[in-house]
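For reference, the chain that follows is the form predicted on its own, supplied as structure tokens.
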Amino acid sequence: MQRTTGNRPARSDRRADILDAAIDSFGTRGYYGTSLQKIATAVGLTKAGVLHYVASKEGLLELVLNDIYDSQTSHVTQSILQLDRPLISRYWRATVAVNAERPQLVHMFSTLSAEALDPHHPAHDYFEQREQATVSIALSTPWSAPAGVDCERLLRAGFSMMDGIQLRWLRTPGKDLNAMWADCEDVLFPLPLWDGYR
């Protein structure tokens, strides 16, 4: 239910409605298939009204990627890095748990990620830099792992597996992403080698 100021929705609600509509549209239509007019119609505003809150279509794209998608997972990385004994399995499990609660955002992220393979896409640099930063942080973390394990190779394989499992999850509504990832863990962290590290 919207909070109101007099007879009009509160400013924060209007902005939230615009961001929700953008997440839905970017997920189902991609950046190029989304128009500010479609978003305006979805939230009961004029195009000028939407621009009052987000300034531009590219600005809206930046908001949903940086301020919403990334802000919801940044705490996962920070909390793992602060542990005395950081575990790769715990890091991925926590990330999957967050994503399992936000299928619409994961859908948007996946659609935009594929669309942004085009070097002229406004989110191309975002995805390229995000991937580099994610891998860089992961590779510089002193992970607690069994002796002889090549953590870099494991991390690269695991990130690829996570991308793939999320796409399979999005294609099969009702599936449990956490359970799907648990099956991947048996392959990535086989026992008894990883006993005590999972």
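Residues carry their position along the shown sequence, with the first being 1. Quantities reported herein were computed from a predicted structural model and do not represent experimental measurements.
Beyond the structure shown, there is the form predicted in complex with a further copy of the same chain, which is absent from this document and is the topic of what follows.
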Any of the heavy atoms of residue 186 lying within 4.5 Å of a further copy of the same chain in the predicted complex?
yes
How about residue 113: is it within 4.5 Å of a further copy of the same chain in the predicted complex, going by heavy atoms?
yes
Find out whether any non-hydrogen atom of residue 139 is located within 4.5 angstroms of a further copy of the same chain in the predicted complex, and reply yes or no.
no
In the predicted complex, does residue 66 come within 4.5 Å of a further copy of the same chain, counting heavy atoms only?
no
35, 56, 46, 160 - the one with a heavy atom within 4.5 Å of a further copy of the same chain in the predicted complex
160
Does any residue in 157-177 get within 4.5 Å of a further copy of the same chain in the predicted complex, counting heavy atoms only, and if so which ones?
157, 159, 160, 161, 163, 164, 165, 167, 168, 170, 171, 175
